[in-house]
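Take a look at this single chain in structure tokens; it is the form predicted on its own.
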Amino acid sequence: MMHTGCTVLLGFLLASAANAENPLQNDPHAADVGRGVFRIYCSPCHGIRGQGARGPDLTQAISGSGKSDDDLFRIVSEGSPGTEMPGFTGPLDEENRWRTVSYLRSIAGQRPAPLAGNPAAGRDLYWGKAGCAACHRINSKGGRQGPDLSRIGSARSASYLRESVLTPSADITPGYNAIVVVQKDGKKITGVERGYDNFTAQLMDSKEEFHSFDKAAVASMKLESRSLMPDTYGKLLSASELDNLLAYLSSLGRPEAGK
């Protein structure tokens, strides 16, 4: 950790108390050091360049959010309620949290490299041959068994989307694991997790019907570390079709994208 003098530390405290902008905004090295902090603590969820993985693509999310430096500092410090984003007050001191904010500002608004695919052709695949709409909704249209994809392009990088399409069980969105229940008459019911603990299981099957089970009333019930999404898209779609589908998914939720 780099050390600063008393003058800088005093400025730190005053700026924080007044909810001012980043007190390191004029430090030419803050973003570089913040990059290292980000890669250690943030990249597992947001990608090595902040362009999204399990967590959102921050290069796009921050630029369109209208959040101040103080807002970003608060999120880094306290986390984001209702999401997987934790707070980092414990592992990071105040100075390194501000350095992280400096790095986030430096990447905000970076435009991703253009994809090779055609979004319009990808839209036709999504609603047609690929069958994505059977399980995923976009703007209130489509199925409900999988995650809503209305804003997936602004939340995930193209590389992460490609991995999700080709190997859906590699990183499952929390709350969408498979549950398999075998009833005492031998009937097996498989669906997407809607609730699970040591005593009960709730799931949605492929017909979007909800089921609830008590462990004592069934032969077995198991929460599995796999997705119900098929892993055959690498064979179902040609390379160009896959590029088209990814181009469409990457356009969803971006301000410049068409409807």
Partner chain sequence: MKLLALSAIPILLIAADVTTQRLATSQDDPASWLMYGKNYGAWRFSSLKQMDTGNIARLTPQWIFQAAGAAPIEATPLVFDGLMFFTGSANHAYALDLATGKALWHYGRPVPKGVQGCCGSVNRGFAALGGKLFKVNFEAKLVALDSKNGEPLWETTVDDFNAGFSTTAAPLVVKNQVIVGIAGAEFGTRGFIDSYDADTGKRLWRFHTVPAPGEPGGDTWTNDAWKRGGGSTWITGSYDPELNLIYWGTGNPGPDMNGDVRPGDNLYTCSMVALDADTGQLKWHYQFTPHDVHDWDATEDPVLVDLTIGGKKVKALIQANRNGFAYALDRTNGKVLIAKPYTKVTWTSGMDKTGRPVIVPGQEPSEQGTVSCPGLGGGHNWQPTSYSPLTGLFYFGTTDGCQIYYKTGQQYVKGLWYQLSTTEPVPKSTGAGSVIAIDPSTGETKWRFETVGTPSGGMLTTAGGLLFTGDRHGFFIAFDARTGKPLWKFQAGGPIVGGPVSYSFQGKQYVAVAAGSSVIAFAIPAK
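All values derive from a computational prediction rather than experimental measurement. Positions refer to the first chain, counted from 1. Note that the rigid core is defined as the largest set of C-alphas that superpose within 1.5 Å between two forms.
Here the subject shifts to the form predicted in complex with the partner chain, a form of this protein not shown in this document.
Contact check for residue 197: a heavy atom falls within 4.5 Å of the partner chain in the predicted complex. The shortest heavy atom separation between residue 43 and the partner chain in the predicted complex is within 4.5 Å. When contacts are judged by a 4.5 Å heavy atom cut-off, residue 33 counts as touching the partner chain in the predicted complex.
The shortest heavy atom separation between residue 39 and the partner chain in the predicted complex is within 4.5 Å. Across the options 45-53, 229-237, 66-74, 204-212, residues that bring heavy atoms within 4.5 Å of the partner chain in the predicted complex belong to 45-53. Listed residues 134, 166, 180, 170 were compared with the partner chain in the predicted complex; 170 is the one with a heavy atom within 4.5 Å.
None of 96, 154, 145, 150 but one reaches within 4.5 angstroms of the partner chain in the predicted complex through a heavy atom, and that residue is 96.
Residues of 230-249 include none with a non-hydrogen atom no more than 4.5 angstroms from the partner chain in the predicted complex. In a rigid-core overlay of the protein, residue 195 has its C-alpha displaced by under 2 Å between the shown form and the other one. Residue 54: CA moves less than 2 Å between the shown form and the other one after rigid-core fitting.
Superposition on the rigid core between the shown form and the other one places the CA atom of residue 44 2 Å or more away from its counterpart. Three angstroms is the minimum change: in the predicted complex, the CA atoms of residue 44 and residue 197 sit closer than in this structure, by 3 Å or more. Note on residue 88 and residue 155: their C-alpha atoms are nearer in the predicted complex, a change of at least 3 Å from this conformation.
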